[in-house]
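Here you get one chain, nothing else, as structure tokens; it is the form predicted alone.
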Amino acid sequence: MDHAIQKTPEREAFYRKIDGENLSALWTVMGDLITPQPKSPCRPHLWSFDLIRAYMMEAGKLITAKEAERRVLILENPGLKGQSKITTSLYAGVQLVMPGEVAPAHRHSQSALRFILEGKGAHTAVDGERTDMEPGDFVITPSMAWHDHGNETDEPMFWLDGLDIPMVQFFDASFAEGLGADEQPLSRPPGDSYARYGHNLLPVDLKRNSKTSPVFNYPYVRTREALEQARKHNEWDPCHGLKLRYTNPVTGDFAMPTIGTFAQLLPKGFKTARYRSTDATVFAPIEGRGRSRIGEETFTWGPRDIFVVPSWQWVTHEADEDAVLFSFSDRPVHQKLDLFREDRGNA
């Protein structure tokens, strides 16, 4: 499909003429529209949590969580400057809630995940239920669910936000509103959603319209147990080590309709085979240290650092000690639209 179109004065005049009618010639742009392989401006990059933390604490002195509504530093991909994107379809940022603060209640079309990086005991409330948060917990805010965050501890609380903002923006489907109060009224006790839906038992006549999991906090202690169970049975994958995906217990599908979330264990000394896939992926190690080679670059990471692997770029991971990596991508959308493709180093 890649061939040069010769330019002639007659053709150039024709293009100018049709441009005035809001028309253009496909044959002049087809090579840019339909590429032989993914051709993304997204670039590999790693953000040091220590650096982010220092800047966030500085921001904590400049603006309150209430005034900012959400005190967040956006992780802006260097290939997508000024677009508030970490990949072409996903947004990521690191949020800080200081002791005694509340990030006020609001809701929006965009689905959000929180992956807790530092701090213990602060809370988030989603649709009338509050949950405490600890490092490694994966917390969901479904589309159009009221949510607020508070910190009644004496330590700052940091977490990674992941949202489908660019995707919702692409579809022109954004709606948002504030509750007009710092905190929403609570209608269910803490742990209610996990007690109802987290034990492979569901109400016999359950009818839910939402495609998001009814469990909105996946505690790290449970994730770690599941990884250790898999380790006992040597369920190693050469490209991923032990990689599990978070699921919706009602459907068995991904926990969120637009964002896939994963946890993987890389044992000390393990080096993965090279792998690439169409879903650009954001990684956040929560335990251990190692390095990842993405394309031609190598990034050294430790706990709470964040790095991104663009679409269709080769990646290998190597762990210097037992490491657990949380990650998220737009894989659910790729799979539902029959666009997902992966290459396990055989090409």
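Residue positions are given as counts along the sequence shown, with the first one as 1. Remember, predicted model here, so these are calculated numbers, not experimental data.
We do not show the form predicted together with a small molecule, though everything after this point is about it.
Taking the partner from the other structure, the small molecule in the predicted complex has no heavy atom within 4.5 Å of any heavy atom of residue 223. Within this chain, residue 102 is remote from the site of the small molecule in the predicted complex, having no heavy atom within 4.5 Å. Mapping the unseen interface onto this chain, residue 72 counts among the residues with a heavy atom inside 4.5 Å of the small molecule in the predicted complex. In the predicted complex, the small molecule sits within 4.5 Å of a heavy atom belonging to residue 106. Remark: of stretches 250-258, 141-149, 179-187, 206-214, the one touching the small molecule in the predicted complex is 141-149 (heavy atom within 4.5 Å). Proximity of 276, 313 and 343 to the small molecule in the predicted complex is absent: no residue of the three has a non-hydrogen atom within 4.5 angstroms. Between the options 114, 240, 85, 130, the residue in contact with the small molecule in the predicted complex by a heavy atom within 4.5 angstroms is 114. Residue in contact with the small molecule in the predicted complex (any heavy atom within 4.5 Å), chosen from 95, 193, 272, 264: 95.
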